[in-house]
Each structure stands twice: as structure tokens, then as C-alpha cells.
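What follows is one chain in C-alpha cells, specifically the form predicted on its own.
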């Protein structure tokens, strides 16, 4: 499947910003599930200072906002050819060893809620079946859209709130998998919903590493494994590692953000 994507993120400030720096992870990479046919990231109101692969081999741009700007736009666009691997990325590895993905971060530190979910792992002879069961259990414990979570919400906080979004589901899943001793990571990217061109936002899901299969994806929010409608952007230990855009700025200006995302065949 060929997917055409246009993703625009606009930042506005109520007063000029003297200094701001953004890490931009909006460039997909080739892998067994996708081939990038063409891609461009344009910056309006800023300059790309550096482009590099981070510790997770995510294509990362370091963008400096032009001094005294009131608005910055980041437009990522291109075409990606995808294929359905029933969620199996396979034995694709970077420089980080597998034990790295068994480490917890502040956002994925397990508490009582995560520990309870982690006990699902090991109840059958199939880790793959157990992980699918875990995926369903996470969504049952944290229904989509019913919580008051935000960008910095931890996995345990999302469980306590009783609801969340794809970011929360992915972080809970990886936290529980790691608690059970399975390497797991957070994935950011795109999902084309079949009934629309204008998508609500970018997406997030999780991957766990299984002996013999390698990395396998789980979209907890939708109860499926990623198929040809998905495009991977970045991976990491949590949502901060794989954030499409993150950064810092100086000053007291208030920021507002508008995101526009179109995906179509």
C-alpha cells in the first residue's frame, strides 16, 4: 500500500521567543514493514542545525527557532510504501542491546497497577498469546479517551486515572512487559483510519521482543497488530524518547499548537 502523508505542526507564541530548540523525529526509515519513496521536512521560522541518528537509530533533526519569532511551522510530507507483516518487524536491531529495553524510565516505572497486569505474562505456554491478552487487559483497565492524562503522564498514573490515549496504552504495555522480563519499547508513527483523510493525530503503539520472532507490534488502543496502514517514525524506551517533536525554549511566552495530518492512498 502506498500512503501519502502531510503532517503540519504550527506553534504560535503570544510574544516573541528569544531562543528555542526542537528535536524533530518526523522522518520515517526503511524497514521490513515500509519503504520510504520520498520524504521532506520543511521548517518555516527556523533552521536545521544538525541531522543525526539518535541512540535508537531515529532520524533526528535539531531545529533552532529564529530569534524573536511569534510562529514556527514544521511540515513533514512524502510517500511511504507499506506491507502487512501481521505486526512482526522481525530481528531488526540497532546498537542498543536487548537488555536496554528491559529498563524502566520515570514514565514506565511499574506500580501496583502495572504489576497486576504483568502477572498475565506466563499464564500460558505462549508468550505471544500472553502479550495479546495483556494488550486487551490494558485497554479494559484504561478505556480510550476517558482519562485526564497529558504528555508527561506515567504508566501507573494512567492506570489510576482509569482512562487514557494511545500514548498511555503503549507505556502501560511496555512497563508490564518489562516487569515480566520481556524487552519492550514505545513506537511513534502514523495510522491511516479507513474512513477519513484528515486524521486526528499521530499515533503510538508498542513492540515486544520474542525469541524466534524478534520485534512484534501491538496497537493496544485499536486491539490489533500494526498492518499496512501504519508508518513507523521513531522508537524509544518511552514517549519522551520517541516524541515526534520535543524541545526547550527561553522566556515567558505562552505557546499554542495546531496539528494538521492528512493520510491517504
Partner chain sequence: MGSDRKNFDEMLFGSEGVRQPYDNYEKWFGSEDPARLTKKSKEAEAFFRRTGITFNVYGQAAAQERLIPFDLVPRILSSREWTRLSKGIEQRVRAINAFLHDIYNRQEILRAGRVPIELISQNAAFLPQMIGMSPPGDVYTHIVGTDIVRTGEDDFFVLEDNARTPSGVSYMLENRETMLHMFPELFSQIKVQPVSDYPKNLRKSLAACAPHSCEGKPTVAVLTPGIHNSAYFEHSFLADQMGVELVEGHDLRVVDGHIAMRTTQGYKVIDVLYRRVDDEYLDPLNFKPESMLGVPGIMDVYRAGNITIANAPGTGIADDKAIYSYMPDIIEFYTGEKAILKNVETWRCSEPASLQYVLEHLSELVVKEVHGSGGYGMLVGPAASQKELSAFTAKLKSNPGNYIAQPTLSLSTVPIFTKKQLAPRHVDLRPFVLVSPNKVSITPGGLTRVALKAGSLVVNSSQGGGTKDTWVLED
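It should be emphasised that the depicted structure is a prediction, and the values quoted were computed from it without experimental measurement. Numbering follows the first chain given and starts at 1.
The same protein also exists as the form predicted together with its partner chain; that form is not shown, yet it is the one meant from here on.
- Contact with its partner chain in the predicted bound form, judged as any non-hydrogen atom within 4.5 angstroms, is confined among 37-45, 198-206, 215-223, 57-65 to 57-65.
- Residue-level contacts in the predicted bound form: of 83, 103, 124, 77, one residue has a heavy atom within 4.5 Å of its partner chain, and it is 103.
- Relative to its partner chain in the predicted bound form, residues 13, 111 and 253 are all farther than 4.5 Å at every heavy atom.
- For the chain shown alone, residue 23 is a contact residue for its partner chain in the predicted bound form, at least one non-hydrogen atom being within 4.5 angstroms.
- Not displayed here, its partner chain is kept clear of residue 257 by more than 4.5 Å at the level of heavy atoms in the predicted bound form.
- Using a 4.5 angstroms limit between non-hydrogen atoms, residue 30 is distant from its partner chain in the predicted bound form.
- Proximity of residue 53 to its partner chain in the predicted bound form falls within the 4.5 Å heavy atom cutoff.
- Residues of 206-239 include none with a non-hydrogen atom no more than 4.5 angstroms from its partner chain in the predicted bound form.
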